[in-house]
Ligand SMILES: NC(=O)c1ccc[n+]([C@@H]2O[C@H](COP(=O)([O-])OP(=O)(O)OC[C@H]3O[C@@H](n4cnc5c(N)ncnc54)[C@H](OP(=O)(O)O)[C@@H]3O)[C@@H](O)[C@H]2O)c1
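To begin, one chain is listed below as structure tokens, in the form predicted on its own.
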């Protein structure tokens, strides 16, 4: 196992260093992306134990959530620059507190959005992006996911779509982590009816457990949806897939409808109708990124993180972790996501 040293000033980018086995450096283990490529490029390495800077806490990681963002960073169509440690969400225990942090103490069980470097035994994180865990979630793999998919779902509904109670919605990727969170968040907010699409019959059965008013196979979804809505279509579509799915989705929108795009998992070219066609039907085309949203409305997004934690703790929303893999098995987690065979959330057990 080789040693990787951290580049000063960048918590996610790393550089190789020689390792004779005699250096007096505190090290921890992490999964590193040394270069862009397939899942096999992920490498189990030793890295220096991070230290919390001003306004940060150090977290001993118990669980790290796996997200499509991590896959994109590994493949090279995200924001990450190798060599780097992927991962954006964790749960664990605070083991160190940097200057200026007053409301989090060592020994506190927490969940956090790290913004990177989460596939590791230890991670330093902005304390403003860390929340104490209620006792009922401590030690539960779902604790690593509560600040990710559910806050995104709430903000997709409220901020991006500005959905109203009388509107019908469609969620592509209905069996995934965000899809199942979206339909439950809609119920909490008194919104609906909500339809969903999936890519296979097995995923259809899984999604139907979450209270959709209708789940449709993606092949032929436009016709199926028009049949279910009396030919009208839907008012809002949430699409993380892109490509042909997005191109066909505009035909499923009712007049004055909106398509909310928050990803392009298909990696296919984006196809959007000409502006004159959008105007003719009064259609909206809106983009959303949870990470970017937090950059310009941080306090509002932080309130949503707290709200989501309370919803999960109370049992009003369920986030299902369907696979728990070891940290060294991160490549397998990425394969599952890229094969589109995964449902629910995948989590890495670290500690």
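Residue numbers count along the first chain shown, from 1. All of these numbers come straight from a predicted model, not from anything done at the bench.
The protein also exists as the form predicted in complex with this ligand; that form is not presented, and the subsequent description refers to it.
Against this ligand in the model of the complex, the set 72, 265 and 344 is in full contact: each member has a heavy atom within 4.5 Å. Look at 225-233, 188-196, 171-179, 116-124: in the model of the complex, residues with non-hydrogen atoms within 4.5 angstroms of this ligand sit in 171-179.
For the options 149, 215, 161, 85, the one in contact with this ligand in the model of the complex, meaning a heavy atom within 4.5 Å, is 149. Proximity to this ligand in the model of the complex, defined as a heavy atom within 4.5 Å, singles out one entry of 237, 154, 110, 241, which is 241. This ligand is not shown here, and in the model of the complex it never comes within 4.5 Å of any heavy atom of residue 327. Residue contact check for residue 44: none of its heavy atoms lie within 4.5 Å of this ligand in the model of the complex.
Although the partner is absent here, residue 318 lies well away from this ligand in the model of the complex, with no heavy atom inside 4.5 Å.
Contact between residue 290 and this ligand in the model of the complex is found at the 4.5 Å heavy atom cutoff.
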